[in-house]
Ligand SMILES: Cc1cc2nc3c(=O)[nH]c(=O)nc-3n(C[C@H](O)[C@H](O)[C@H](O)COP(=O)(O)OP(=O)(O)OC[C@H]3O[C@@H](n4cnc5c(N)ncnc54)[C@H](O)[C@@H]3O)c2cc1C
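Just the one chain here, the form predicted alone, laid out as structure tokens.
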Amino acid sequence: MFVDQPMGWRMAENIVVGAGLSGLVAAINLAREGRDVLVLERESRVGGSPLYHPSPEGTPVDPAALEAFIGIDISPALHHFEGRAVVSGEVIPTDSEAIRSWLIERGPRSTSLDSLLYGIAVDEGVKFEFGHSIWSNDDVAKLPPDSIIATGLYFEGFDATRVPYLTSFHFVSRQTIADESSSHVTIYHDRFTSDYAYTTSLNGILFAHVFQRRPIGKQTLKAFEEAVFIAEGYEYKAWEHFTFPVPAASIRNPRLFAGDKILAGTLAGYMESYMFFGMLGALVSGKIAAMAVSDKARACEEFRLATRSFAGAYLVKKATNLVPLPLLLPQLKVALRHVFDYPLVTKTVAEAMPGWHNCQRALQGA
């Protein structure tokens, strides 16, 4: 259960709930302002849910622009990768450079972005108390005003702050491989999921993930296994099943505040609402949340800029959901064959990521 007023509260000027990407960036930025910062984390270490991490994740990131905005160089955690898509069994190469995409390890290992940010936070004097969870709205109410809530993909955080959500359904499998130089992302679109599935490898981890916004049956999992074996030659047998809340219940999901508390990361809606890319948004949101402690007007301006693409992606997904998969997949196949021939299209994809515009504006103003 949640511990009422842990010892560190009496000495901390600012409380951050959650030691994920957004919480760590917020804590680092607050500490650099000379504040006493305490991070409360439900797990026994950084790195997120053990159900999902460690895992390699791909996302569009402009490293220089991101550093210009959040003040943190994450380049040691960024890795080039070979990308491709598999649509109804056809393998289509993709150009990760065209949309400035990188592969990042998430989780508790020393090679993860989480560990990189944690080390920076400790060096800046941030204090951590592990094993503390937010279970209810009463727990949130007990936190000091301007506490930052960055609880990520946990139902308790959404329920406690009364943020609406959809439930997404997931199967993941991971295994270690001897080739630590292997770095790839393969995205699968097929009739076995109305969303998508993918496999990745990085730092000796081989990872597979299939999800959608409705329950996943055994036939779905079997079809994905077969598709991966045909396209890549990998076999996945041990699967973990879980559900996540995602901030896509409403076109008005993004919000910076819950009462007198500040929201960050997934909870605040910094997640692209079509394919659920959220790492860039999480990093940017940490900076905006820290900003909101002392300058709410500027934080609100940055928040609107960061989340302005949410509604468009939300409506596009709603529209594509109306198209039966047997009709949608051939169109998607044609689009992916030619998308990299049109720089404006790849530019639009990158700019749809929450926080992209904030970073570019910061770089131009540097």
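The shown structure was predicted, so the numbers you read here are calculated from the model rather than taken from an experiment. In case it trips you up, residue 1 is the first one in the sequence shown, and so on.
What comes next is about the form predicted in complex with the ligand, which is not displayed.
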* Using a 4.5 Å heavy atom cut-off, indicate which stretch of 75-83, 89-97, 175-183, 203-211 touches the ligand in the predicted bound form. => 203-211
* Are Leu21, Tyr198 and Phe244 jointly within 4.5 Å of the ligand in the predicted bound form, each by at least one heavy atom? -> yes
* Structure fact -> in the predicted bound form, the residue from Ser133, Ser250, Asn137, Ser194 with a non-hydrogen atom within 4.5 Å of the ligand is Ser133
* **Position in contact with the ligand when the complex is considered in the predicted bound form, options Met271, Ala290, Leu263, Val126, heavy atoms within 4.5 Å** => Met271
* To do: Answer for Leu40 alone: is it within 4.5 Å of the ligand in the predicted bound form, judged on heavy atom distances?
  => yes
* Asked: Can Tyr118 be called a contact residue for the ligand in the predicted bound form at 4.5 Å between heavy atoms?
  -> no
* **the ligand contact in the predicted bound form: Arg106, any heavy atom under 4.5 Å** => yes
* Asked: Glu57: heavy atom within 4.5 Å of the ligand in the predicted bound form?
  -> yes
* Using a 4.5 Å cut-off on heavy atoms, which residues of 148-168 contact the ligand in the predicted bound form? -> Ala150, Thr151, Gly152, Leu153, Tyr154, Glu156
